[in-house]
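Let's start with one chain on its own, the form predicted alone, as structure tokens.
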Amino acid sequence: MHPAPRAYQIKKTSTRGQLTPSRLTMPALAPHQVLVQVRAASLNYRDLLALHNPADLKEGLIPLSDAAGVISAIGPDVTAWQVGDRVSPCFFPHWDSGPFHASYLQSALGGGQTDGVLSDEIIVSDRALVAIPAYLTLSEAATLPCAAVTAWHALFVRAHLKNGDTVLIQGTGGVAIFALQLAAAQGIRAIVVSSSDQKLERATALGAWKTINYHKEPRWDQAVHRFTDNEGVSCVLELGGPDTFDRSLAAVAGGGTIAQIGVLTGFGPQSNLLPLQFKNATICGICVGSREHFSDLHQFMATHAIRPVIDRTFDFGETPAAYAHLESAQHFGKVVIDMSNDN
């Protein structure tokens, strides 16, 4: 008899959420749904926020948005997929292409009222999947749906960066390292800011043009201007939040773009945006991307043979430890949960 699929669910406590292992009962497939055997999943900073602040989550939410697996069954009206296909679900199941609509937020995997992917099996609409390039392992593919799509959307869809442009990347987490790899492949000069010389050395090995240790040089915006002949950068990947935004405003070039992505330093007072006006610069809010963005990312990565950087892999039973490792901020790249080992 087929065992009930394993999952982790977030149980609410008086102060925060608690990761609780469970077994699921899977419903029958609707005509346009597929059943995916999840082989690997990965974590994002968003998942820490959900665990620590579960007030808006449904009780028993299955967390995580990023996964890769193999289709094990298809609904009767599914024609685009076959059993055995290697696939990843999209972060926003209903955002196929075109402009973003606020209604998409309600269906984002692993948040609010919508279950995520930290389960042996997930049911997904046949329109909410992308095929995994053959050269990637399933663990590598599981790192892409949120962080890599976010980096792609920011650099190429919204900031329209091209060969010879310059981008400032804050940190060395998932979005940051994908942005570095994508930029280097496209001939975009990447400046990486971190507090760790060791991580900055690794960033240089991945193609960083310049690096800045912000502990040694807290006015890193001045270093950016020194590197760029006082022009500033074409794009800032703003991952820090209120503690870094003023520096980002100072670092962006005239006509440049600040891609607002992260809140690593929390939620705080807003910056004075007047400098943005006098630079004719732009702030773009970036929240992951569409299925079309995901497919375009896959094609670009395959063309340039880009392999995701996996910092550490945990077994399913070690999921709480995986969360703790991400929270420690010691990682470089992505943290992965291997769903295929410990049954």
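Predicted model, so just to flag it, every value in this text is computed and none were measured. Throughout, we count residues from 1 along the sequence that is shown.
Keep in mind the form predicted together with a small molecule is missing from the figure; the text below concerns it.
Asks: With the partner absent here, would Asn44, Cys146 and Lys199 each sit within 4.5 Å of the small molecule in the model of the complex, counting heavy atoms only?
Replies: Yes.
Asks: Which of these residues, Val175, Ala142, Ala190, Val252, gets a heavy atom within 4.5 Å of the small molecule in the model of the complex?
Replies: After the contact test, the surviving option is Val175.
Asks: Just to confirm, with a 4.5 Å cut-off on non-hydrogen atoms, which of Ile258, Ile261, Leu180, Val117 contacts the small molecule in the model of the complex?
Replies: Only one listed residue qualifies here, and that residue is Ile261.
Asks: Quick check on Tyr214: any heavy atom within 4.5 Å of the small molecule in the model of the complex?
Replies: So Tyr214 counts as contacting the small molecule.
Asks: Does any part of Ala329 reach within 4.5 Å of the small molecule in the model of the complex? Heavy atoms only, please.
Replies: Ala329: contacts the small molecule in the model of the complex.
Asks: Taking the shortest heavy atom distance, is Ile286 within 4.5 Å of the small molecule in the model of the complex?
Replies: Contact check for Ile286: yes, within 4.5 Å of the small molecule in the model of the complex.
Asks: In the model of the complex, does Ser88 come within 4.5 Å of the small molecule, counting heavy atoms only?
Replies: It does not: once the small molecule is placed as it appears in the model of the complex, Ser88 has no heavy atom within 4.5 Å of it.
Asks: Within 4.5 Å of the small molecule in the model of the complex, counting heavy atoms only, one of 77-85, 221-229, 190-198, 120-128 shows up; tell me which.
Replies: Result for this chain: 190-198.
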